[in-house]
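Next comes just one chain, in structure tokens: the form predicted alone.
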Amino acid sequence: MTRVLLLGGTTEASRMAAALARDGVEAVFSYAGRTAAPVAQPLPVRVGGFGGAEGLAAWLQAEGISHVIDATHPFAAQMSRNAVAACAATGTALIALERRPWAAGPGDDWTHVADLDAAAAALPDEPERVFLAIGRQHLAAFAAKPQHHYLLRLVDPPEGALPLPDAEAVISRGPFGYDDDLELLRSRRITRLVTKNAGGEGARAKLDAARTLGLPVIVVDRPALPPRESVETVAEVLAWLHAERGV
């Protein structure tokens, strides 16, 4: 019997869920629970963690999961590592639906760094107006550079005070368009952008807008993950799943 666990939270995961539902594949969609109002899905949904790799392995066995599709955010590294370990321990088939990373092109002024602490350290000493496009989980690293004004774009309003003395939060859910991001950068007089290399098309517009305005960009590279089978499209995941099922 085929029963799929889809680890989600991305636009690609929502597309994957729609494809599984359309094909009549029995599946469960898992959210981490960091967003107050996640996008509705055409599959049964569970919210929250599993209790590490061991907890996930136990859940896979208890729920009779035969296949796992990891369509989490490229920076949800711990969940992806847990999926690799749990699937190896239980003999569960695993594939990742992973966005291709962004790559700099002509006219881009990018500085690559290994992590968010390095991104904060790469900011200049002179005050600037920084678009901090990294979500809300790891803002504290930038408290080390309190002289800057930070613009944040968040899905949910922040709960309590932000850990930055001079910050503005724009509440909005992507995908975002080029014209809107160009206007955002211009109207807020942004002088520098900090972003994770999330890849995909839904969040790329800010990089195109930064190129147009000649703004420098600090790009946080993706964390290293264990080896795993990985593809870039929903169609490739479906082909893998059909081959696994002998369809």
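Heads up: residue numbers just count along the shown sequence, starting at 1. Since the structure is predicted, the reported quantities are computational estimates derived from the model, not experimental observations.
Below, we turn to the form predicted together with a small molecule, even though it does not appear here.
At the 4.5 Å threshold, heavy atoms of R188 stay clear of the small molecule in the predicted complex, well away from it. R222 falls outside the set of residues with a heavy atom inside 4.5 Å of the small molecule in the predicted complex. The shortest heavy atom separation between A32 and the small molecule in the predicted complex is within 4.5 Å. Although the partner is absent here, Q137 sits close enough that one of its heavy atoms falls within 4.5 Å of the small molecule in the predicted complex.
Checking L162, M79, V113, A93 against the small molecule in the predicted complex, a heavy atom within 4.5 Å turns up for just one residue: M79. The stretch among 51 to 59, 214 to 222, 175 to 183, 199 to 207 whose residues place heavy atoms within 4.5 Å of the small molecule in the predicted complex is 51 to 59.
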